[in-house]
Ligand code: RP5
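Heads up, the chain below is alone and in the form predicted on its own; it's given as structure tokens.
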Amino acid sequence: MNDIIPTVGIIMGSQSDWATMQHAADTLEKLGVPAESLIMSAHRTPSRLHYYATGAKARGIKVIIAGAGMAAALPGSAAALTPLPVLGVPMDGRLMGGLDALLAMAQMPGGVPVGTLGIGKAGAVNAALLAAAILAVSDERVAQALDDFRAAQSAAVPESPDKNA
């Protein structure tokens, strides 16, 4: 049995969002940050969302990453139900390429903040890194993992181009 308590909750509106949100989960795993991933919809499973968001802090969750497309109501709905930081990841949609979801997340009413990241995979990775940075303020182990990640990322960038590539 797994006794590790997750500190980041990754929620998404549907199974199809997992292809993107898995990048957030993978990034957190690489950093050693325990996370849980769940599907819930602001429109189709509102009671599941309410139960999750109102109880997340008491269960040890410190940051919620919420991925959604189209109307993108999930991050804002979660933010309205919890005092925890909520980071929104817009899904790359078929109709407007995710711009509709990005704008819905970014235009929250005053008093209900959602930290909105970029569309798709890059947004999911950056949401995980931002969640880690939030945790790193009070967790030296996460801070070190984040420093190591950034150092490795910098070291992987060559100083000059490969002229044979």
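Owing to the predicted nature of the structure, the values given are computational and were not obtained by experimental measurement. Counting begins at 1, following the sequence as shown.
Below: the form predicted in complex with this ligand, not depicted.
Student: Is the gap between Q144 and this ligand in the model of the complex 4.5 Å or less for some heavy atom pair?
Tutor: Q144: no, not in contact with this ligand in the model of the complex.
Student: Are any of the heavy atoms in K30 no more than 4.5 Å from a heavy atom of this ligand in the model of the complex?
Tutor: Heavy-atom contact with this ligand at 4.5 Å: absent for K30.
Student: Check whether R44 has any heavy atom within 4.5 Å of a heavy atom of this ligand in the model of the complex, and answer yes or no.
Tutor: So R44 counts as contacting this ligand.
Student: Given that the partner is absent here, does G69 sit within 4.5 Å of this ligand in the model of the complex, heavy atoms only?
Tutor: Flag for G69 set to yes.
Student: At 4.5 Å, heavy atom to heavy atom, what parts of 78-97 sit next to this ligand in the model of the complex? List them in sequence order, or say none.
Tutor: Contacting residues: M91, R94.
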